[in-house]
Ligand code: GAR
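The chain below stands alone and is given in structure tokens; this is the form predicted on its own.
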């Protein structure tokens, strides 16, 4: 069973979707820690209500990135975390964390990567860019986290239509629904040890055929 730390900056709907899937026995994992850079984030409230340790911390609280990294590593070790999920987290994860948790950190992004990803493309900015470009489809991507923004191997993706009357808000609502679907599915793939990374490709082994 995976012991997961969820990093989140916002209201925590993807955290809630993951917890709901765990409660329904669709994901063989447990969330043991939630970390947020915003003390008032809804994700913090969700965690606290469930008795999950919730920690507010940010690089701005520390004199150097190394001290911040040490603090994060201590938290992850204390709570025996072996997997990390970024669920609407708006800060970059320190390189040492990414290296230590290589192929054990995933992120949910509200677009079909590699399109509309990268620094500054998060939340409503993504949907504004999709509409401005005139795209006919959008969607969500669960991907591995590497040292750059949104460049890790895609694990799962799901499309939604872009409607003529869409605003960034209405498109965001449609995309968020599929985020809630594919994030728990992706976590379960890792729980079942069915994901292998080859170069920039995520190979998903059929259930029951794990080497």
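Keep in mind it's a predicted model, so treat the numbers as computed, not measured. Residue numbers count along the first chain shown, from 1.
Quick note: we don't show the form predicted together with the ligand, though the next part is all about it.
Taking a 4.5 Å heavy atom cutoff to the ligand in the predicted bound form, the contact residue among 76, 112, 98, 87 is 87. In the predicted bound form, the ligand lies farther than 4.5 Å from every heavy atom of residue 130. Remark: residue 150 counts among the residues lining the ligand in the predicted bound form, judged by a heavy atom distance of 4.5 Å or less. Looking at residue 83, you'd find every heavy atom of it more than 4.5 angstroms from the ligand in the predicted bound form. Using a 4.5 Å cutoff between non-hydrogen atoms, residue 188 does not count as a contact of the ligand in the predicted bound form. Residue heavy atoms within 4.5 Å of the ligand in the predicted bound form occur in exactly one stretch of 117-125, 130-138, 98-106, 67-75, and that stretch is 117-125.
Along 21-48, a non-hydrogen atom within 4.5 Å of the ligand in the predicted bound form is carried by no residue at all.
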